[in-house]
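First comes one chain, alone, set out as structure tokens in the form predicted alone.
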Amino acid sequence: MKSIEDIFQLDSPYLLTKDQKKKMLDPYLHDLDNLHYEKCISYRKIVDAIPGGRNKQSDLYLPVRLFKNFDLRSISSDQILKTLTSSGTTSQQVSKIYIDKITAINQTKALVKIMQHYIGKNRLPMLIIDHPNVIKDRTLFSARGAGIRGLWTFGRNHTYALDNEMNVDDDAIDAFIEKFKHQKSIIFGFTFMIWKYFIQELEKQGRTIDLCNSIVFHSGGWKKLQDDAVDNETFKSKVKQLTEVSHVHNFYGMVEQVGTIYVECEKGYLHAPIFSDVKILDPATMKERPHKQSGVIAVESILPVSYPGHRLLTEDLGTVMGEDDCECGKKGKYFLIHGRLKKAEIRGCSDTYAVE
């Protein structure tokens, strides 16, 4: 395996042009093809079964739902540092992602690089729109728990905005605002949690709060909001109206590729960092579609060493809008998410809290 350190040393996660990025990523992905073929029996069987076998391995994107049905790992049981699980309802299976020390380090370094681009290098006061019990089990993370733990390191004075009964903790929020009202801070939560248990509750109370120095990061749970006719612009507008926050960043990510997140820029597009790439495939032919044509999203990442998660086929529809020419100045592909692929299993990214 090539060392990934050269990529971590780059000044920005959005620095490389199309040709530069391809030249850097392809060797790493090729090494991961070989590693997982050798180390993961189930993955090897899948590769051998596709037309062309290993000659077409680089065209193989594992459907994310396979992680619900099979133990796909390239490490021995004694190398497992932790097991991540996707969210889902009680009637659904969950993905299990096995993480070793090397993969955990890679994920952390990548996430640090991406987040520092938006918040700087200092740890900031963090308001978490969730309840404390969500991260109690540190060995078997839920999607929400993993998300909070993933961003935990960028914060200090961590404060939960909800109590364990999912009620807004007014005293905790007021104390947070009073202490840090003149400082830059982070607000993090899953999209549905922020909307349902924080924003709607503030609206019911007829209350606004002053978090004007805060940056909001949120992800997941869009399916439930879209059912209520709440789109990204509506969400942003209401958050800004009730909290006076000026910067709201949605990001796209999944437990099957922790560490690789695609953060929304000020122009409203999600961006692929230097550790990963995004392709839009025709769901019928699995051929790559050109920019500005929608299809199913496939994601590549050089971070997963402990399991074959380096080339994945999601169940989400999207469109790559361009590459290297976003008005925000970031290099790389930028894209939009349109929702779930029809007939795909509904995967609730906002975890299993019963709100159906």
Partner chain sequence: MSNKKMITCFVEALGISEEDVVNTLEYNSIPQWDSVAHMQLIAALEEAFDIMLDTDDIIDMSSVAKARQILQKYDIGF
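Keep in mind it's a predicted model, so treat the numbers as computed, not measured. Numbering follows the first chain given and starts at 1.
The form predicted together with the partner chain is left out here; the points below concern that form.
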TL;DR on 144 to 152, 201 to 209, 71 to 79, 267 to 275: the one with heavy atoms within 4.5 Å of the partner chain in the predicted complex is 144 to 152
Assert contact residue (the partner chain, in the predicted complex, non-hydrogen atom within 4.5 Å, options Q183, N164, T108, Q93) equals T108
Heavy atom within 4.5 Å of the partner chain in the predicted complex, from candidates V245, I135, I177, L281, belongs to I135
With heavy atoms only and a cut-off of 4.5 Å, decide whether R123 touches the partner chain in the predicted complex.
-> yes
Is K240 a contact residue for the partner chain in the predicted complex, using a 4.5 Å heavy atom cut-off? no
Worksheet item: Is A172 one of the residues lying within 4.5 Å of the partner chain in the predicted complex, judged by heavy atom distances?
Response: no
Is it the case that T234, even though its partner is missing from this view, gets within 4.5 Å of the partner chain in the predicted complex, heavy atoms only? no
- prompt: in the predicted complex, do N250, R289 and R311 all put a heavy atom within 4.5 Å of the partner chain?
  reply: no
Residues in 19 to 53 that come within 4.5 Å of the partner chain in the predicted complex by at least one heavy atom, in order, are none
